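Before any questions on binding or motion, here is one chain by itself as structure tokens, the form predicted on its own.
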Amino acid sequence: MKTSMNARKQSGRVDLVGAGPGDPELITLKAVCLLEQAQVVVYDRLVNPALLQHCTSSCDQIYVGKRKHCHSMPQARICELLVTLGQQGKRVVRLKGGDPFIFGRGGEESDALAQAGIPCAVVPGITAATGCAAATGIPLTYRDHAQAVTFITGHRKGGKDGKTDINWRLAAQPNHTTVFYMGLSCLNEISQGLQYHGLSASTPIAVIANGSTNKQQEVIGTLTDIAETVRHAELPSPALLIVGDVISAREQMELTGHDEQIDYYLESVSQ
């Protein structure tokens, strides 16, 4: 039976792929396989450029990265682009920093693809919270310090006041770790809000920029002094905030984070 022209146009697919937190060695094998097969890669700002080396020379690479108040392409247009590429019969990898479904707008993109009838699968990635925590030796959960962890976006919502839309009751629970994504610009508001809603002023907080990479910077303090300490350190955005007693636990665990011996091992097995 001959395949119709319309069927061929509908034969494309778009895979939403997590690139991990920044270290290019933390991407999954499945993600690498998809990059090697991709005809088009649509990638974000926080994707390590080294990952694009897995693509073939004929693969089209489309940058759709976003900075605060500076989007190379609005989200609605990105969704339209993915649908269009799928309808053209392309094999597309939508490469997103961290994990597609954790503050990665993956839900919106997968919904747009589903409505257009474009086959889509999701390949999870190591999200910034687990990647940065591991790189700094902070256990997000630890029996004596935290029995639960919550991920919250610290991004300011729209409106005249420009305030965050944070569930403070959830964020300020005892025996709990709270991780704020995109919270550097409102760090002072977050630290004051957590104290107002019940957390001790001495609660430890870590602020991590470029986590898991060779440019990683971290500042550790308490809710009372962290905003001033970070201001002096001049940490770049975006940065991740980890709040809770688990930060104190890392000292007694003596974790080292990155290990050059791991790099040596990876180089040897890839040759």
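Each residue number is its position in the shown sequence, starting from 1. All values derive from a computational prediction rather than experimental measurement.
Separately, the form predicted in complex with S-adenosyl-L-homocysteine (SAH) exists; it is not shown, and the next lines address it.
Though the partner is left out of this view, N210 does reach within 4.5 Å of S-adenosyl-L-homocysteine (SAH) in the predicted bound form, counting heavy atoms only. Using a 4.5 angstroms limit between non-hydrogen atoms, T136 is distant from S-adenosyl-L-homocysteine (SAH) in the predicted bound form. Proximity of A128 to S-adenosyl-L-homocysteine (SAH) in the predicted bound form falls within the 4.5 Å heavy atom cutoff. Within 4.5 Å of any heavy atom of S-adenosyl-L-homocysteine (SAH) in the predicted bound form lies no heavy atom of P204. Only one of M182, C120, V83, A171 comes within 4.5 Å of S-adenosyl-L-homocysteine (SAH) in the predicted bound form through a heavy atom, and that residue is M182. L46 is the sole member of A227, L46, L52, I62 with a non-hydrogen atom lying within 4.5 angstroms of S-adenosyl-L-homocysteine (SAH) in the predicted bound form. Heavy atoms within 4.5 Å of S-adenosyl-L-homocysteine (SAH) in the predicted bound form map, among the stretches 233-241, 53-61, 27-35, 219-227, onto 233-241 alone. Heavy atoms closer than or equal to 4.5 Å to S-adenosyl-L-homocysteine (SAH) in the predicted bound form belong, across 90-111, to the residues G97, G98, D99, I102, F103, G104, ordered by sequence position.
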